[in-house]
Every structure is written in C-alpha cells, then in structure tokens.
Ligand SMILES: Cc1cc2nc3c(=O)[nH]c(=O)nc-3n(C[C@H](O)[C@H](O)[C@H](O)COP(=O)(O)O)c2cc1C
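This document starts with one chain, in the form predicted alone, laid out as structure tokens.
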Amino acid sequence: MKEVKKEKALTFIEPGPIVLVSTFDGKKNNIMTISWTMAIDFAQNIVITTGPWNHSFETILTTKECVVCIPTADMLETAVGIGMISGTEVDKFKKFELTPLAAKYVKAPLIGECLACLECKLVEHIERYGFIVLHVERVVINETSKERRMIHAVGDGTFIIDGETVNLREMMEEKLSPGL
C-alpha cells in the first residue's frame, strides 16, 4: 500500500449518480448539475449538496421545491456542460436542447430526456454541510429511454458509467424496503 494525499479520499467514496436539478423561480426554469447525492432513509428522503455558489440554490430555499432528474450515460457531456455555465447567463433548457415537462406536485419542470425525475419538496437545509434534505413526492420514469446507464463522478474530472448489473435481490429480500 502507498500513502496518497488525503484529498484523494473523495475519489474513492464519491456518492450517488450525477443528477440534474431543475428549478423554477417564478419567472424562468433553470438546471444545475450536482454530483454529491445520497439516499438517507427508506421514507424517500434524499440529500443533495450545494450552496450559494449555485444560482439554483436560493431558488430551492425560496420555493422549497425542485426536481431531481437522472441523466443517462449518453447525456454526460450535457450534464458537465450544464454545470459549467450559470443560469443567470443562459437558458440551459434552450442551450442544451432539453425538454421541460410539467410536474404534478412542484412548479419546477421535469427534464424529458432524463431516465427518471423525482419531484421533491425541501425538508431542511443543513447550512454547515451544504445539505439540502428533500422529500420525494413523486417519481416518473422515461420508459422510452434506450440508455439506462447512470453517470458517477469520481471527483477529479473523470466519470464512471454504470456497467454490469448483478441481481442479488433474492438473497437480500428480508432487508429490502416494502414496495421496492
């Protein structure tokens, strides 16, 4: 074993898939890319990590809602591109040719090209860590999407795309949340 800089820790433990978070501030839609995500319980609560450096952050705190969308592997460059520009400067839906679709429980739009969209309400903002705790109100999936692989950021500008799926559901049945 060889010791490396402790900053490399995140490249081994980077959580969850990259997500595109859509918001609506009352005037216009926006999208931000988030790579730090995680589920926190079996009651459909999740966390995204962000802060005032993202234009959509204040919108989430003000409107208390957003949509967390899961892009697929063929959307990697789009997801990175969205994260490289500010919604104050450009309409990201137009620039990246994405389709805003009406949500049922929030005013923020679904992103039609994504694999799944989670309509969310803000539960809590834990400022110290930049945690935005969200409750998932509704989940919709894109049944026509041929691409199903998700994208994971390593944290150093490289990405891992889902590969082989191994099904151990039968072995884990007694530990799975009802309804899964």
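The numbering used is simple: start at 1 and walk along the sequence shown. Being a predicted model, the structure only gives us computed values, none of them experimental.
Although not depicted, the form predicted in complex with the named molecule is the subject of the following passage.
Novice: Though only this chain appears here, would A73 touch the named molecule in the model of the complex if you measure heavy atom gaps against 4.5 Å?
Specialist: No, A73 stays farther than 4.5 Å from the named molecule in the model of the complex.
Novice: Could you confirm whether N45 comes within 4.5 Å of the named molecule in the model of the complex, counting heavy atoms only?
Specialist: So N45 does not count as contacting the named molecule.
Novice: Does P109 make contact with the named molecule in the model of the complex, using a 4.5 Å heavy atom cut-off?
Specialist: Answer no; every heavy atom of P109 is more than 4.5 Å from the named molecule in the model of the complex.
Novice: Do P100 and the named molecule come within 4.5 Å of each other in the model of the complex, heavy atoms counted?
Specialist: Residue-level check for P100: no, no contact with the named molecule.
Novice: Thinking of the named molecule in the model of the complex, which stretch from 49 to 57, 113 to 121, 63 to 71, 138 to 146 has heavy atoms inside 4.5 Å of it?
Specialist: Looking at the partner contacts, the answer comes out as 49 to 57.
Novice: Enumerate the residues of 84 to 116 that have a non-hydrogen atom within 4.5 Å of the named molecule in the model of the complex, in sequence order, or give none.
Specialist: Stretch hits, in order: M84, I85, S86, G87, K92.
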